[in-house]
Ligand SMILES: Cc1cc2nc3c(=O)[nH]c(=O)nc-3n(C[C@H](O)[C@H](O)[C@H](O)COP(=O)(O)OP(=O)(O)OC[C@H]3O[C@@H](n4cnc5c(N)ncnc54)[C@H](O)[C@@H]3O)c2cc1C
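Just the one chain here, the form predicted alone, laid out as C-alpha cells.
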C-alpha cells in the first residue's frame, strides 16, 4: 500500500480523473502480452495517466522521495513482461500523450509524443508522402514510446533497420525528475557527434533509466512502387539457400519473411480461401523503389528462387500484393487454430540467429515441438534472422504451462548455442532477464553501473533486464 499522502499529491499533480486506486482499474495494468505476466498477474498499487512532461517530472520527484517504483507504460502490447509492476508501485500510463508536435518534412523529421500509435503516425505522414519505416506487427496498437525504449523493428528491418536508426533526439525525464534533451537541446539537424550518444543510451533501455516524453524522428519519402515475390519450398534448407543467393547477387529487398508449414497450416485454417500449396516453407520478398528498380529486383529474385523452389510468383499489382501478403499478416492471430480450445502464448518467441542458420533453427524448433508435444507456429523475418516461435497451449492446464516454460527455456538456450540472441526485437523485461549473464557477459556489469548512476534508488522499472541483480 502507498502512503495516503503520496496518493493525494499524485492526484493533485495529475487530477483526480487521471488517478486510479480501485482494484478493477489497477487489474487492467497487471499484465502485458507475455505468458509470465499472465501467470503472475502483478497488480500495481496505483495507476496514473499523465498528459504532459511536467506531470511526469513532478511524479518522479515524489516517487524518488518516497522510494516508490514507477513503471512507464504505453499500450501494454509488449511481450517480455517489461511494463508490469512486479514489485508494486505506480504504473504511469503515457498513452494520452499522443500528439504530433511538429511536422518538419523539409528537414525529413517530425516531433511526437510517446503515446502516439505507430499506424496513426504513418497515416498522418502518408498524407504528405512520407513514412516512418520500422513496422512492427502490432502497428495498430503499439505506441512510439514503447518502440523507442524497446528498439522495435518488424518486417522491413532488413533494408530500413530498427527504430534506433531514426531517433534524432529525445526529451527524457530522469528518475530524479530532472528533464534533459538528447541529440542537441535546440537541434533540427539530421546528425550530430557532439558529446556522448545519450540518445542511443536511452533507446532500448526499457524504461529503466528515464521516461521518454518527446521523440524527434527521421522520416523518409514513401517509395514510388512496391513488388512482391512469393516462393514455396519442399525443404527448409532450400529456403535458406535462396535468401543467401539473393544477398550474394547484391539484391536488397525491403522485407524477407518466412513461414514454416505450421504457420502455413494456421493461416489456411484461418482463411481457407488462401489455398496455399503443401510446402515446408514459404518466403515473401518485398522490394520497393522506382518502377524499373522494383521490376529488376523482383525478376532477379524470382529467377534465383526458381532454382530452389517448387512454385514462384511475383507481382507489382497493388491488389495482388495485398492478397499475397494476407497469409503472413494473419498468422499471428491464426496460430491458436492449430489446436482446438488452445491459445498462442508468448514465451521464447523472439530469438534471432545468423541468417545462414535460420533453416537449422526452424528444424530444431519443430523437433522441440515434438519433444514437448506442444504445437509451435513459427514465422519471422528471415532477412535478419529473427524468428517468432508461437507455442499453442491450453492456458487452464497447469501441466501444459509447466511444459511450455521448459520449451521456452529450450528455445532461448538454442538461440545462444547458435551464436544468436534471446531477443531480436521484443526486449528483455523479466521474460529473458535470466539469460543476460550468459548473453552479455561482463558488459552486463557496465549496464548495472550506468543504472546505479542514473537511478541510485532503483525506482524506475525495477527488476527488469537483470540490472539490479548481484
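Residue numbers count along the first chain shown, from 1. Computed from a predicted model, the values in this text were never measured in an experiment.
This protein has a second form, the form predicted in complex with the ligand, left out of what is shown; the following refers to that one.
Trainee: Of the listed stretches (102-110, 237-245, 313-321, 150-158), which one has a non-hydrogen atom within 4.5 Å of the ligand in the model of the complex?
Mentor: Among the candidates, contact is made by 150-158.
Trainee: Can you tell me if residue 114 lies within 4.5 angstroms of the ligand in the model of the complex, counting non-hydrogen atoms only?
Mentor: Residue 114: yes, in contact with the ligand in the model of the complex.
Trainee: Residue 223 near the ligand in the model of the complex, any heavy atom under 4.5 Å?
Mentor: Residue-level check for residue 223: no, no contact with the ligand.
Trainee: Just to confirm, residue 192 within 4.5 Å of the ligand in the model of the complex by heavy atoms?
Mentor: No.
Trainee: So in the model of the complex, does any heavy atom of residue 136 sit within 4.5 Å of the ligand?
Mentor: Residue-level check for residue 136: yes, a contact with the ligand.
Trainee: Counting non-hydrogen atoms within 4.5 angstroms of the ligand in the model of the complex, say which of 391, 210, 227, 383 makes the cut.
Mentor: Of 391, 210, 227, 383, the residue with a heavy atom within 4.5 Å of the ligand in the model of the complex is 210.
Trainee: Only one of 400, 288, 206, 260 comes within 4.5 Å of the ligand in the model of the complex by heavy atoms, so just point that one out.
Mentor: Filtering the options by heavy-atom distance leaves 206.
Trainee: What residues of 321-345, in sequence order, lie within 4.5 Å of the ligand in the model of the complex by heavy atom?
Mentor: If the 4.5 Å heavy-atom criterion is applied to the ligand in the model of the complex, 321-345 yields nothing.
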